[in-house]
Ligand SMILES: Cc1ncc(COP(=O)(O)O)c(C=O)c1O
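Just one chain follows, in the form predicted alone, and it is written as structure tokens.
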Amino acid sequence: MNKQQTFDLFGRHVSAGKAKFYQDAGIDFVLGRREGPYMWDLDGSRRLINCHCNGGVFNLGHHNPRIVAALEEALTGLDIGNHHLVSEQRARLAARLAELTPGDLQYAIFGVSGGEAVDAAIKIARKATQRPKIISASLGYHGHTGLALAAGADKFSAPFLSQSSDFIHIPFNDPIALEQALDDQVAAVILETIPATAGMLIPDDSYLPQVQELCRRNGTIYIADEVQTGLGRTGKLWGVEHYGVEPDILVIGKGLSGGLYPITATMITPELEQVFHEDPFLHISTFGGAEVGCPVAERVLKISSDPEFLRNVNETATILHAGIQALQAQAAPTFAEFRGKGLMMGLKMAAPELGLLMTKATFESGLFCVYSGLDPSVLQFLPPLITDKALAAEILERLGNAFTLAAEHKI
């Protein structure tokens, strides 16, 4: 099929709205070949540097050969496995996660999506505390499944009548609001370490330590949603490491898949694992922790936790931060604010409509970026963690071209 035929078929059988959105925006891109930091259009006419990475799914690039090798080897003898049975592969992966995660997170509950992993976290917190209420950020996003949906912003929950008085939304980065919302019925506080869909909000250094202290004082579980910030994206293996906190539950997703096999993990303490002692089959996931995917995740962890790998992330971040801030000075006041921690970055424009404009401008300049769903003025900027100095220079050149195109209205 050619591109137009693909758009037509997609619109008839997958999503009419999505097909129309991209065609109306002039982003007529159909994903074809993909390799490393690059994606090619179906007809090969356009190559993009992936600077969104699906929120971190492609942290290690597309078709990373080390990850591909792990999957190919696993496929020679493994399949999904059976969640009813004890599994060597799940045990090995869980043990490695326990070694690498902060604090006393010794148990892994496996799933296939970030939303499912968040659902598990909320269920565990409620059962452990015997409390119903959940506090989250008013512009947070935790997935599109049941409890995760209710914990997220109203934009996502309201259309599906998923709002609940048990789910309380407060401003992010506001410890006073949190303290006022806490009571003896709050089971958990769940926060993205850096809320991406809200526009890459960077917390004050004191905020998450205050969250942890307030939760402990109130007997409330602190859940850190690291679906996007985990696995090196911020320059440390886990985003919470920047703030010196040890959450009671850590949710890991997206990048754990290596972009090849979906797998997520909800990491919990031995104390919280006791909720399953009476009935270990109380929470199950048929495809969660699929045995064929566990070696993929183990290889991801090996790569992402390597000090040399993390050093490269930080060196690249230094180059990109400096270059983007220089572009900000040139593009002011259109480019209003730069937000960044490692290679998790947001470029805030002066008005919401400029986020879509820059999405289109970067596309025309050879970069793939998207604006934040809850703050369209912010362009999400998430290049692969394998980006080297040469690629960083090319990204900056293309981003500069995008600002020129936007300023001259040539898109």
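Computed from a prediction, not measured in an experiment: that's the story for all the values here. Position 1 is the first residue in the sequence shown; the rest follow in order.
Form predicted in complex with the named molecule: not shown, discussed below.
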Taking the shortest heavy atom distance, is residue 192 within 4.5 Å of the named molecule in the predicted bound form? yes
Whether residue 113 contacts the named molecule in the predicted bound form should be assessed with a 4.5 Å heavy atom distance threshold; does it? yes
Within a 4.5 Å heavy atom cut-off, is residue 135 in contact with the named molecule in the predicted bound form? no
Hey, in the predicted bound form, is residue 266 touching the named molecule, heavy atoms inside 4.5 Å? no
For the chain shown here without its partner, which stretch in 181-189, 114-122, 315-323, 214-222 has non-hydrogen atoms within 4.5 angstroms of the named molecule in the predicted bound form? 114-122
Using a 4.5 Å cut on heavy atoms, which of 143, 81, 259, 235 is close to the named molecule in the predicted bound form? 143
Taking the named molecule in the predicted bound form as the reference, which of 294, 147, 227, 109 has a non-hydrogen atom within 4.5 Å? 227
